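Same chain, two versions here, written out as structure tokens and called structure 1 and structure 2.
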Structure 1
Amino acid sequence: MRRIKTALILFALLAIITGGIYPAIVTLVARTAFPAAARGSLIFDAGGNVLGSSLIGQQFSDAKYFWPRPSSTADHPYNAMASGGSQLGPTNPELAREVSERIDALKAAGVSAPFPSDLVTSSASGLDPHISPEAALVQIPRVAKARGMNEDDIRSIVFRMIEDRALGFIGAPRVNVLQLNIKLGDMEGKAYGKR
């Protein structure tokens, strides 16, 4: 009986420490040291409305916006509750069909080859908010035409929005699609609108 009592006391203490005290300390430190990241890296408009997160991609289909990397999450694109890739291997005919359809859609929208792979294949999470600089640059003529803007002006925005590798050597240069589209709206003097 004594051992059961000791085990229950230890269980209760560990539950309080690992289930209450530790998470509270970590949350307090995160909110103090990294306030934006601790709150989901949310992006707000001038009125304080949440436009999205810089960490989760969003669907853009309007020609005036840069398009993100395709998402293969269940139910709807960029569904954070269903994060995961398509699990289709490189020799799978279904993947070849999907890539072919995406290439056809890009061609129909006026995007010229070569097509960067991140515009025709989904990421492992299905939530990737970034595209490569090449994927952004190849879309400039389409976006410029839809917005009635100069391609060079849009190109300069894209180059300013390129994020370098983490710590200078981890990953690849990238462009956050949501932030780029918001910046384009700011440049035109228009609020970020319907996608």
Structure 2
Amino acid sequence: MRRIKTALILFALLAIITGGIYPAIVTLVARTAFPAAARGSLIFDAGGNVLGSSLIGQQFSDAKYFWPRPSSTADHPYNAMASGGSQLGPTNPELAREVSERIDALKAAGVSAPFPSDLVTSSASGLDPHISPEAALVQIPRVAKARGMNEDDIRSIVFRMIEDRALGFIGAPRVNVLQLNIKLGDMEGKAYGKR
């Protein structure tokens, strides 16, 4: 009996500390020191409307935008309330079928082989905000044509948007698709958010 009583009291105390006080203090410190990050690294337009988060990818399919990685989230691509991957195994015929469909779509849009793997496979989270620099570079001719812009101008924007490995060797170089597309909208002198 005494053992059960001790267990009950100790459980209650440790639950209050680890499940109440600890997250509360973390929240307090986080909001004070890193308010934007704690709230989701949101991107706003000039009118203060939320356009998205710089960490969460969005779907783009218009030729004038850079396209993100394919997304396998439930219901619709880049559904941020249902993160997840396709779970397709390496020898599943469905995987080969999907990849070859995506390659056909890229070819139809004027993107030529070879295709960087990340541009034709779906990400683990379904919300990957990045593509590899290679996957951005192969899209430049298509985007330039759709926007009536010079390829070199777009290429210089893409190069400026490449994020390097952390400390020069951790992770992979990458381009944030949403930020790149917003940047392109700015370059055209259009208010982003308008369609």
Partner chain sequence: MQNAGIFFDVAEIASFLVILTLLVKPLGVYMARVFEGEKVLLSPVISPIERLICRIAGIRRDDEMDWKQYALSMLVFNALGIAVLLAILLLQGMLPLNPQHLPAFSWDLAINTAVSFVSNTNWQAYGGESAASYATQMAGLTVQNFLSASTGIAVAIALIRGFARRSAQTIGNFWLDITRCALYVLLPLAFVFSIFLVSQGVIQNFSQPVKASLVEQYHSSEEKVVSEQIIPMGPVASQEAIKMLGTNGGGYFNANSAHPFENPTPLTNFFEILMMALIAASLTATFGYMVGDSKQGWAIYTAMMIIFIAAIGILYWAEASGNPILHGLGAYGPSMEGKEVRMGLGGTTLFSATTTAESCGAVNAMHDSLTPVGGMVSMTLMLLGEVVLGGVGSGLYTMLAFAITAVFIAGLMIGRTPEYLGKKIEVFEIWSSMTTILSAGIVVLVTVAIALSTEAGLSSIMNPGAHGLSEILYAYASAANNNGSAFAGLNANTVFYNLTTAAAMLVGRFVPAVAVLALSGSLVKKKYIPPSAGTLPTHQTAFVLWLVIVVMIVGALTYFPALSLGPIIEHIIMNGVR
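What we label the rigid core is the largest C-alpha set whose atoms superpose within 1.5 Å from one form to the other. Numbering runs along the sequence of structure 1, starting at 1. Small disclaimer: the values here were computed from a predicted structure and weren't measured.
Taken from the form predicted in complex with the partner chain is structure 2; the remaining one is not. A displacement of 2 angstroms or greater separates the C-alpha positions of Ile21 between the two structures, with the rigid core held in common. Core-superposed comparison between the two structures: the C-alpha position of Leu10 differs by no less than 2 Å. Superposition on the rigid core between the two structures places the CA atom of Gly168 2 Å or more away from its counterpart.
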